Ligand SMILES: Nc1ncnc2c1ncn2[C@@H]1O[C@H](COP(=O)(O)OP(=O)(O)OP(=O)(O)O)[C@@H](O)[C@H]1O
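Okay, here we've got a single chain as structure tokens, the form predicted alone, with questions on binding and movement later.
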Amino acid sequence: MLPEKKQILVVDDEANLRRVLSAQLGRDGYEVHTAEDGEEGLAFLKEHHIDLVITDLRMPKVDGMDLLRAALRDDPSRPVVLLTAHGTVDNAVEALKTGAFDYITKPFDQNEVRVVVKKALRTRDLASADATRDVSPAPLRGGSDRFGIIGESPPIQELYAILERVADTPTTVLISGESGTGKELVARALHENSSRRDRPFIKVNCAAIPKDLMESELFGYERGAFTGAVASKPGRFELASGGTLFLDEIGEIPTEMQVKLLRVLQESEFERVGGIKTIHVDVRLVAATNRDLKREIAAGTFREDLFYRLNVVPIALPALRDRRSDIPHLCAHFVAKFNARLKKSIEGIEPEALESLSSHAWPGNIRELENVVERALLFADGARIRLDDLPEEIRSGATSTPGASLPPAAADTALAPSTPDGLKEQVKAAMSKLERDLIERALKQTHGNVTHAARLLKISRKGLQLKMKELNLRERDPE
């Protein structure tokens, strides 16, 4: 699909503020929607796809905290940014502990808004490429009632055993695994099954934070520490005090920040940017990475002393291809999840389709499986998901290795640079076919209504029309 403008909802009872924010964010290339109070904002969220919510904290009818909780229940990966006056900063800090992404004080600096919005949407994109946020903790058969992790394969049984031993301890844990294996899910399990469960669980995706903002993000800053610092602000370590701090993609932290992080781990103290007061915290640190940190150490990009300080208890999560016996349980979970979300009543998956799903390589791991099940359920016409409802690359037994399904002789030459149908051409053709198939099925399901089909595909009507033109698909009158 063509790249879409990010959808932002601004909720505030001050009409002038809504206009100012809409104008600025519109100039920055975002599609902006507005609501004049929390009640109207909640109604809008139920009917539209929104990537980011910016809401005032104090509003009539439904306030910002209630809107925050409702938005997170509906989509935990959607960031919510709070607007707050100086007198309600303490409430905003509590909101961060509840799950808000960040807060901005009024009167706000345009550059601060720009940075926070960009960082929030970057975090949202990274979350969408991983299986950490949408793998619901509600267990199904084969799952652990205590940890809410779905599976009973030997690697998952080993994971349960580790969690039993280390969850209720203050020990630092380093979770490693490919993207999409559920690293945040494990971090949450560690927190929820510890004595810190009633205290904050603060998460930071280090890959989403610009290097020059990393220190202020983690340790906070004092008023006047730099341009735009109109008020003091606590960092993530302060917000997590008494609870758990989850640093995802720890390998992305720049080397100059690694020294400061090491000090916090060793001494449990730090200073805010521009401050002189030493702040003491009690934080249980859980870090995660999809990189080989030992290789990063050899390359000089990651400190060896920090690695050993983080790697007290290592947890290596298996790729989905290494726990194939769990795929039926995961599929059943996703069918139930999307039945509820999409108001469908699919009863299950046909054996032939399940066999095809179980034999796929799943380079995107659980996230890829989740997306495939959602797409299949969305377009399934019968009571159960059939083989024909699955994408072509799943039905054909395609793997993550190009040419793996070809005969040996063909595999050596099919993707040679000299052939006209090289890798790029094959990928482009496959994507075009997949896009055409999805659009045709959406149009069929909505009886030719382009607006409804666009909503089903979660893109704008204009974006769908452009894509239809590119694929030579004509609009037709609704049946």
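These numbers come from a predicted model, not from an experiment. Numbers follow the displayed sequence, beginning with 1.
Same protein, other form: the form predicted together with this ligand, not shown, and the subject of what follows.
Answer yes or no: in the model of the complex, does this ligand come within 4.5 Å of a heavy atom in every one of I150, G180 and L330?
The answer is yes: all three residues contact the partner (heavy atom, 4.5 Å cut-off).
Might D389 be said to contact this ligand in the model of the complex, defining contact as any heavy atom within 4.5 Å?
Residue-level check for D389: no, no contact with this ligand.
Does any heavy atom of R323 come within 4.5 Å of a heavy atom of this ligand in the model of the complex?
Yes.
Applying a 4.5 Å heavy atom distance criterion, does F334 contact this ligand in the model of the complex?
Yes.
A287 near this ligand in the model of the complex, any heavy atom under 4.5 Å?
Residue-level check for A287: no, no contact with this ligand.
I need to confirm a contact call. Of E252, E370, E238, E296, which residue comes within 4.5 Å of this ligand in the model of the complex, counting heavy atoms only?
That would be E370.
So which of V115, L185, V264, L121 reaches within 4.5 angstroms of this ligand in the model of the complex, heavy atom to heavy atom?
If I apply the 4.5 Å criterion carefully, the residue I get is L185.
Taking 4.5 angstroms as the heavy atom distance cut-off, pick the stretch from 212-220, 70-78, 376-384, 361-369 that is near this ligand in the model of the complex.
Comparing against this ligand in the model of the complex, the contact stretch is 361-369.
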